[in-house]
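Single chain ahead, by itself, as structure tokens, in the form predicted on its own.
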């Protein structure tokens, strides 16, 4: 059910992050877009699948590459009321990671549940 807010009808947005955090602009652009959506009081969720799970990995270092390490910015999402962070459990497992390896608290979802999660949204953006 959509809720009214001062600027109109609140929409449910999900941002799907599929790519590794460095080497392309996709991960950083996704994060920036999420923060913009949250600033406009939209209902924002993020889903990390495939190599996108690496975006949330603790202790990232970009010293040897020419990319800014923006991973700590994920900790600021809560200040923008972005608290619905979903990670596909199988993507974590396939990459030898666990929930303990992540910077922030997430909700694990099974691969078979991803479609239902996406179907509940009004807007789906994939990065």
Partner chain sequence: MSTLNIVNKSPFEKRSLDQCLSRIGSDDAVLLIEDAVVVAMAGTRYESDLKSAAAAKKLYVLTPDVEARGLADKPVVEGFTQVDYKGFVALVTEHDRVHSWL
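Model, not experiment: these values are computed from the prediction. Positions refer to the first chain, counted from 1.
The following text describes the form predicted in complex with the partner chain, which does not appear among the structures shown.
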| query | finding |
| --- | --- |
| 4.5 angstroms heavy atom contact with the partner chain in the model of the complex for residue 19 | yes |
| Contact of residue 105 with the partner chain in the model of the complex (heavy atom, 4.5 Å) | no |
| Proximity of residue 49 to the partner chain in the model of the complex, heavy atoms at 4.5 Å | yes |
| is_contact(residue 45, the partner chain) in the model of the complex, heavy atom dist at most 4.5 Å | no |
| Those residues of 97 to 115 which, in the model of the complex, come within 4.5 Å of the partner chain by heavy atom | 111, 114, 115 |
